[in-house]
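In structure tokens, one chain follows: the form predicted alone.
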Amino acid sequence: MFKKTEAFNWIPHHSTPHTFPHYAGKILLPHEIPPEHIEELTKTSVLTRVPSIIKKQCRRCGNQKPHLFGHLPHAKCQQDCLYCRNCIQMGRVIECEPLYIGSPECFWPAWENALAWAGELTPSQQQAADEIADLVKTGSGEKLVWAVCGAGKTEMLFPGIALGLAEGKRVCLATPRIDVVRELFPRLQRAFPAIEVQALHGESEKTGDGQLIIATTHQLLRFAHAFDVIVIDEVDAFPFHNDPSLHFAAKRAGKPDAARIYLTATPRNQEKRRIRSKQLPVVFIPKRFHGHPLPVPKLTLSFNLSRYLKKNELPAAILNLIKKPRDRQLLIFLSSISLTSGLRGFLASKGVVTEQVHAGDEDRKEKVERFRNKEIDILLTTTILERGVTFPSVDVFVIDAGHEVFDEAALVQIAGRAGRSPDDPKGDVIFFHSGKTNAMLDAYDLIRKMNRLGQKQ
């Protein structure tokens, strides 16, 4: 993890507000600024020029690992220059060129009655919403919202976001997965129709000059002390939970006195330790918004499953369950991209029509929409759809649930795709395995525990 002195002491302090939202709190490469504007913007302290790499640390992503730096022949310098490979996908940070830091002290409007959402919160949701709003009003501190899948975490944020906007604050909701950004973006637009909500991810326009932004956590690498309120959704999700540079970016993106809210259904050990030691305040919600329990997965033993999967085939018992007529759509989780392709071909040979999605699928967005619109009955997917997407009526199968990619958090999240709608609060969840793992048993126990606690509320 990065030390505060290394990570933040170099960020310039600005006290005079400006009216250039395009640069507010941004970390910019030279080519991202019109050359004719640089001198005037630096003279007026809207931008501050800083070295990009110093003491073998990248000033944008915080990388200090030698193997994540490289040298390249640079025509401009006519010598080999050091550059950071860790954040190269965001544009190259090279030692001989500076970074420009935009002053975060920008004038933002105060929006009265910005929230147009007319829904009602349950008592548990209202408690969480009140605590979030109190934190936003206080202006600094942390809060973890630990809520089961389908508890309605996004709606709990609305009052706090509205309060922040009413006070002229800048708000960012960040999440590790692009699919979640795409899912939440239209919901935020509907909830705050008067606000220009911006979505930032690897395939979007990189403006980032809005007062209310929803972004992937990777996009936080572009900001420094930019936000008064910063929400990190799915803090336990890959790649955020095990990437120090994303933790670094999330911490730096908020102002020193920012309100920081973390959302999760499956906190990792790091968060649990902070909760036990009273270092991280938490609000706990063990019940879904519609009041029905979480579907408890059925652990189904399938002998010789691995042998079948090596041939891109399925045992007859699983095949027959897939072919069985059902009222719901079927979401099938698999451990790898190659397996989704192989089993799609096998199922087609048995007369079963399916579609597949994975992280590298260029048509993923379209396929997810078609599944949501019930144009696809059976969807094969990797863990890319384990969280953050909502389908009203699905059954869920996990094939080879004992595979290492299916840890406890993933299995709980996968099970949470079922029963999310009050019109169909159940849904079958089956973990097919060739031997129970601790992850499976822990996920099963956690879901049952949440249901017991939910009954007491």
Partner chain sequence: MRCFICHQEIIPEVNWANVWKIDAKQTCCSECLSLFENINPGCPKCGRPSVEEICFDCVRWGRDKEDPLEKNISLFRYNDFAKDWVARWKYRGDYELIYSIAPQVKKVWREAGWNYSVVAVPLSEERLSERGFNQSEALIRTLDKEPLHLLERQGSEKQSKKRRTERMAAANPFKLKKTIHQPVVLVDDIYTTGTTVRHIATLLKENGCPKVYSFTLFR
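Residue numbers count along the first chain shown, from 1. Remember, it's a predicted structure, so these values are computed and weren't measured experimentally.
Separately, the form predicted together with its partner chain exists; it is not shown, and the next lines address it.
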So its partner chain isn't shown here. In the predicted bound form, which residue out of Lys350, His71, Lys278, Arg190 has a non-hydrogen atom within 4.5 Å of it?
His71
Picking from Asn269, Ser338, Asn304, Gln89, the single residue whose non-hydrogen atoms come within 4.5 angstroms of its partner chain in the predicted bound form is Gln89
In the predicted bound form, do Lys43, Ile54 and Arg59 all reach within 4.5 Å of its partner chain through at least one heavy atom apiece?
no
May I ask you to state whether Tyr308 is within 4.5 Å of its partner chain in the predicted bound form, using heavy atom distances?
no
Close approach of Ala75 to its partner chain in the predicted bound form, 4.5 Å, heavy atom:
yes
Given that its partner chain is not shown alongside this chain, does Phe158 nevertheless sit within 4.5 Å of it in the predicted bound form, heavy atom to heavy atom?
no
Determine whether any heavy atom of Phe248 comes within 4.5 Å of a heavy atom of its partner chain in the predicted bound form, and answer yes or no.
no
Which is the contacting stretch out of 425-433, 62-70, 389-397, 405-413, given heavy atoms within 4.5 Å of its partner chain in the predicted bound form?
62-70
